[in-house]
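In the form predicted alone, a lone chain appears below as C-alpha cells.
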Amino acid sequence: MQNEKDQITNLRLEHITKRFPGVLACDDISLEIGKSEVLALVGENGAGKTTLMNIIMGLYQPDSGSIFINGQEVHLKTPNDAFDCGIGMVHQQYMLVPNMTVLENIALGMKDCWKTAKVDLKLVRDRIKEVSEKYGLAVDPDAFIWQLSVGEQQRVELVKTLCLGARFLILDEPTSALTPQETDELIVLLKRMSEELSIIFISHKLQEVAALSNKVAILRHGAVVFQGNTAEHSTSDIAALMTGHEVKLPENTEPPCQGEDALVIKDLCVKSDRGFMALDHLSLSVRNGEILGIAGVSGNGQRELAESITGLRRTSGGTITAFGDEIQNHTPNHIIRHGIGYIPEERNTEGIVPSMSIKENIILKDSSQSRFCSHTFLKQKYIAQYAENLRQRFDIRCPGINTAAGSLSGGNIQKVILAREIDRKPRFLVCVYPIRGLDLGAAEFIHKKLLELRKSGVGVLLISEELDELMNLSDRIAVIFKGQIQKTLDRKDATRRSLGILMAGVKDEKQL
C-alpha cells in the first residue's frame, strides 16, 4: 500500500453531516486540502472538529455526505481503511494501551511485523529508530505507557502514526502538552514534514495557527462559518469568528499577596512510577489568596508533586503542611475533607467517571453528605436541581445533566470538574494544566473563576506549561527542573526568556 499512500494529493469532504442524540455535531461540512498544504481547523470545544476528523479516520460513519481522495470517492468504515489510504491521526485522547511498552503499542498497528507466528519486534524497533532520528522525536521503546508524562505519550502517538506510514496527517491539539520551546520545535518540524505530507491541524492556539497553516477553516456549532487563507486574517479576527465575540483573557492585576501560608512543603522526596526520585528535597510555600505558578518541561516532577499533595502518591521524605497540619501520606478522602480541591492533569481518567452522568460526577466527592442523601438513599430531585444550577452557571454545553460525562467535549468535561471543585468551596486548590486543549472562550471562563477564587482568599497551586497563562494569573512563579525548584520569581520579574532559561535547567544566564 505504500505506493498508493505516496500518491495522495487531495482530500475532499462534501456535505458531511453527523448527528448524536440531542446534538448536531457536523452540519453539512465541505472542506478540501491539497498536497503539502497545512489546513488549520479551529473552533470552540464542541464545535464538531474532532467528530469530523473521526469520520475521516473511519471511527464514525457520517449520516450523509461523501469523502474523496484524489477525486475518487472512498468509504472509510474502519481506521484500517484510513491507514490503507495513508491517513493517520494523532488523537487528543491517546489511543495507547497503558500497561504495554512503547514498542508493543506501535507493533499493534504495524502489519509488516505480523507476517509470521512471531512478532518481529526488531523490525518495529528499527522503524521507531528511523522515524525518531528523521524527525527528531526521541522516545524510549522499552518504557511502559503508564510511566510516561502526557507530553511523552503525545510524542509516542506521533511516532506511532509515522511508523504506520501516514502520508496525510491529522493532528488533534498536538501542542496541548508541550512547553513553548517544544511547541516552537514542533512547528519547525511540521513545516518540514509538510514538504512530504498534507496536514490538518486542530488547535486552539491561534499563534500556532498563524505560524504553521496555509489555510484556516472555522467551525461553530457544527457548521463551517469561515474558510480562507491564514495570512489574510489576524489572530484576533479568527478568535472573534470562533466565539462570535471579542476574546480577552483576564489578568491578575492585584498587588502581591501578604496572607498567611496555606501550604508549606519542605524537603519533599517522592519516587516516580519507574522508581527514581521524581521530587528531590523540593520546598515551596503558597499563601492564602495567592496563585503560585509552577513552570517546567513535562516530566520534571509536576505530576508527582500534585499527586503527593492530594494523597494519590506516597512520599518518602519531607513534609507537606496545609493550614498547620501535616498531610503527607494521608488518604485522598482525608485530603478532600481537609478542604483541598484538585483539578487533575488527566481529566478523562482522573477527573471524571466517563460512564457516569454529569450530575453523578458533580456530586462524586460529596455523595454521602446529608444534603445529597438520606439513610443511604440519594436525593435525586435535589441532586438534579443542584446539577442543573451548576450546568447553567458554568455554561456546560450538553443535551442535559443525565448525559454521560465522557461523551462531552474536552472543554465541557473541564467545566464539569471546575463546577464540582469550586462549588465545594475549597480552602486550597491544586490546579494542573486547567486549559490544556481548551478553546479561548473556555480558557477565558476558567481563568476568571481562578481569579475569583484568589480574590476570595483561596490559595491556588497552578501547574502549567503555558507561560502566558502563568504570567497572566500567578503572583509568583516557581520553576521546577528534575524534581527541584530552580528559582521562584515575582510576577513582575517573570519573562518568557527568564522562565524558559530556568526550565532548561540553567539557574544563571551567565552559564549560557
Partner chain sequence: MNFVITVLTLTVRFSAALLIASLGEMFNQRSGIFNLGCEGIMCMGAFMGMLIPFSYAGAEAVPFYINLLGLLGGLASGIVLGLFFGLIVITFRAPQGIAGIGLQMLGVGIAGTLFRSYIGGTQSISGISSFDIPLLSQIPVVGKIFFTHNPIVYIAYLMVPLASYIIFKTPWGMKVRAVGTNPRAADSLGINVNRIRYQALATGGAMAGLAGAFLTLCQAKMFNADIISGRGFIAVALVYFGHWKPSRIMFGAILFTFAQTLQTQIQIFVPSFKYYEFLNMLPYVLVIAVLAISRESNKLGPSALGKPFNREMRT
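Bear in mind that the values here come from a model prediction, so they are computed numbers and not experimental data. Superpose the two forms; the largest set of C-alphas matching within 1.5 Å is the rigid core. Residue numbers count along the first chain shown, from 1.
Note that the form predicted together with its partner chain isn't included here; everything after this is about it.
TODO: Would you check, heavy atoms only and a 4.5 Å threshold, whether residue 275 touches its partner chain in the predicted bound form?
DONE: Heavy-atom contact with its partner chain at 4.5 Å: absent for residue 275.
Open item on the list: When the contact criterion is heavy atoms within 4.5 Å, does residue 160 count as touching its partner chain in the predicted bound form?
Closed with: Yes, contact at 4.5 Å.
Task: residue 237: touches its partner chain in the predicted bound form, heavy atom cutoff 4.5 angstroms - done: Contact check for residue 237: no, nothing within 4.5 Å of its partner chain in the predicted bound form.
Open item on the list: At 4.5 Å between heavy atoms, is residue 156 in contact with its partner chain in the predicted bound form?
Closed with: No - in the predicted bound form, heavy atoms of residue 156 and its partner chain never come within 4.5 Å of each other.
- [ ] Can you check 98-106, 189-197, 333-341, 223-231 and let me know which stretch has heavy atoms within 4.5 Å of its partner chain in the predicted bound form?
- [x] Of the stretches listed, the one contacting the partner is 98-106.
TODO: Let me know the one among 464, 486, 51, 474 whose heavy atoms come within 4.5 Å of its partner chain in the predicted bound form, would you?
DONE: If I apply the 4.5 Å criterion carefully, the residue I get is 51.
Open item on the list: Within 4.5 Å, heavy atoms only, which of 481, 60, 68, 445 is in contact with its partner chain in the predicted bound form?
Closed with: Comparing distances to its partner chain in the predicted bound form, the residue within 4.5 Å is 60.
TODO: Can you tell me which bits of 102-141 touch its partner chain in the predicted bound form, meaning any heavy atom within 4.5 Å?
DONE: Read in sequence order, the residues that approach its partner chain (within 4.5 Å, in the predicted bound form) are 104, 105, 107, 108, 109, 111, 114, 115, 116, 117, 118, 119.
Open item on the list: Taking 2 Å as the cut-off, check whether the CA of residue 116 shifts that much or more between the shown form and the other one after a rigid core fit.
Closed with: Shift at residue 116: 2 Å or more after core fit.
- [ ] Superpose the two forms on their rigid core, then report whether the C-alpha of residue 94 is displaced by 2 angstroms or more between the shown form and the other one.
- [x] It does, since the residue 94 C-alpha is displaced 2 Å or more between the shown form and the other one after the core fit.
TODO: Align both forms on the core first, then report whether residue 47 has a C-alpha shift of 2 Å or more between the shown form and the other one.
DONE: Shift at residue 47: 2 Å or more after core fit.
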